[in-house]
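Read the single chain below, which is given as structure tokens and is the form predicted on its own.
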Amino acid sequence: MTTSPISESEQRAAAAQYDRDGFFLAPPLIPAELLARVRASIAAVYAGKYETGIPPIGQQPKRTQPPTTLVKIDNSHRSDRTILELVSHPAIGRWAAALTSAKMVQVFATQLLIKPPLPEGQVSVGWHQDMEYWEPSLEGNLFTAWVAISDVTADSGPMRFVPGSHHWGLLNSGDFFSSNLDALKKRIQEKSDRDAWQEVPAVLPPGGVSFHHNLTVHGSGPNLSTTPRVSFAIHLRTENSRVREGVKWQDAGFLNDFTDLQGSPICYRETG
């Protein structure tokens, strides 16, 4: 885990890689002590127990058994103070600002993701660009930090990035909820007119964090390990972003009011 300040040389190298590839794998950022508390909070939220009394977005089933399909719980940070502490961790904010030259970094939505270990092909996340889902409501500098809670190994279905795909424009050809990765890949290649296709797995230790651009094509295959792959996708905005004219945050589904610092905590603000 790294808690030291980011040097100028580190910042330049990281920002250059992010600009070139559309993603960056940071050193482990989250302390083991916080991860342990987060795991207990995840178990509570999964079971429908909400510390703050505020439920996540959407109707959540009463869960008493381990998952047999992908679990996606939106904005659980509103339901639990420890999860809020994780998603607004200042180390995430510092690296986010270093990669994007932001003066302010704010959370606008989160997803708790649990991918159970199941036979090949049963639980995948389809190739997609995040902006496909955000474009109707938001514009500007938007991106994602993805935090590994479990050990994300090569066989646990890690997220996979297509380097440079953030330069392909908004394709509207992906599908987060599809497990047909080959068909999605073909559709994205046809829409982008790109034959070359490289994939880089985001293998991360517990507390490791990846960052990716809103147009970077990414997805993940099945979890072939023996334990669930557990993570948080933390969706972030900078001061150079906004809700589109005429859109109300209440109508967007996934959004939190930017003035509500429990729903939309600020994890970085430039000082001086």
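Owing to the predicted nature of the structure, the values given are computational and were not obtained by experimental measurement. In this text, residue numbers run from 1 along the sequence as written.
A second form of this protein, the form predicted together with a small molecule, is not displayed here; the remarks below concern that form.
- With the partner omitted here, the residue from Glu139, Asp130, Asp151, Asp175 that has a non-hydrogen atom within 4.5 angstroms of the small molecule in the predicted complex is Asp130.
- When the small molecule is considered in the predicted complex, only one residue from Leu99, Val125, Ala91, Ala202 comes within 4.5 Å through any heavy atom, namely Val125.
- Note on the interface: of 77 to 85, 143 to 151, 186 to 194, 165 to 173, the segment with non-hydrogen atoms within 4.5 angstroms of the small molecule in the predicted complex is 143 to 151.
- Though the partner is left out of this view, Leu113 does reach within 4.5 Å of the small molecule in the predicted complex, counting heavy atoms only.
- Ser220 belongs to the set of residues with a heavy atom inside 4.5 Å of the small molecule in the predicted complex.
- The small molecule is not shown here, but in the predicted complex it comes within 4.5 Å of a heavy atom of Met159.
- Looking at Ala233, you'd find a heavy atom of it within 4.5 angstroms of the small molecule in the predicted complex.
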